[in-house]
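We begin with a single chain expressed as structure tokens, specifically the form predicted on its own.
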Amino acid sequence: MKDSIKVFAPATVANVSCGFDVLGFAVDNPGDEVLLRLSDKKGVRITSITGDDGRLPKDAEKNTVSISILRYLETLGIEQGIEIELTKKMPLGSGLGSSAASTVAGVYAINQLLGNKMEVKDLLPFAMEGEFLACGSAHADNVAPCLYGGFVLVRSYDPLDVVKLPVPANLYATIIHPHVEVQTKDARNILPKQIALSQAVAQWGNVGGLVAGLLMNDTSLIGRSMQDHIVEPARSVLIPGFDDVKKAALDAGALGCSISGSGPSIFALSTSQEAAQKIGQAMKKGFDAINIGSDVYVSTVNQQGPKVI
């Protein structure tokens, strides 16, 4: 058994427009890194956190990177001491699954370090513990694609049933992260408590269309299905310049464009790297016009998920 291990876990795009809490996919970058070391001293301890500007707690019961490790060890009845170093390589409150990347990196790393005592699919409930800690809701649309890689559908939460979907080889994601912050809890609180049946019907059609587009390798259908009648209208008010940036992406050739997770990051899908980069430039100009700095990431769908580095 190794004495230490270092793991990278990727950012994710959750909801994917119409699929609130049930659809998500992983990207190549950015992501978080976690270093675990075996310790002779009992307990799980976070020894250092970098990249968070001192905002994250080091209490193992209050940090997403450690809570999944604690629950994993408790479930298996293992009292091995663990030291954790967390390196945040994506901003907090970005809508890119920052908490998910940390918790997935942690639980994947401990499983690897202790000799793969569980299959990867069985680690998902532990990762969801981190999401519950982060925002009060144990949703899986970030942690599932982060852990499994690829594009996933959370068919059911009770019982938990996650389906990995095929992805067209030419599907590219452009993600822009404006330098503003949206708290996940705030973004959830702003959502409507009730919706009209007509809205629900339209949303169901788009979710079905998006899944069918992935299965049929039909990027046009994917684009037509990327319409959110429920969540985007509520959350877009939290993102300065959203409407103009989305229009810029569509005018530049995006198949579709919407909020990544709870925002403020915005993602667009396209069918080539060249198009994805062009879309990123157009979106960045939209934020530049209102004096908001931003970072652009271009990626295919990451099929690997976490990896030992």
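So that there is no doubt, residue numbering starts at 1 and follows the sequence shown. Since the model is a prediction, treat every value here as computed from it, not as a measurement.
Although it is not shown, the form predicted in complex with another copy of the chain is what the next lines describe.
Here the chain stands by itself, but in the model of the complex one stretch of 67-75, 82-90, 116-124, 218-226, 218-226, has heavy atoms within 4.5 Å of another copy of the chain. Each of Pro166, Ala196 and Ala212 is positioned with at least one heavy atom within 4.5 Å of another copy of the chain in the model of the complex. Although the partner is absent here, Ser236 sits far enough away that none of its heavy atoms falls within 4.5 Å of another copy of the chain in the model of the complex. By the criterion of a heavy atom within 4.5 Å, Ala14 is excluded from the residues contacting another copy of the chain in the model of the complex. Contact annotation: Asp21 falls within 4.5 Å of another copy of the chain in the model of the complex, judged by heavy atom distances. At the 4.5 Å threshold, heavy atoms of Val182 stay clear of another copy of the chain in the model of the complex, well away from it. Shown without its partner, the chain has Leu191, Pro192 in segment 173-192 as residues with a non-hydrogen atom within 4.5 angstroms of another copy of the chain in the model of the complex.
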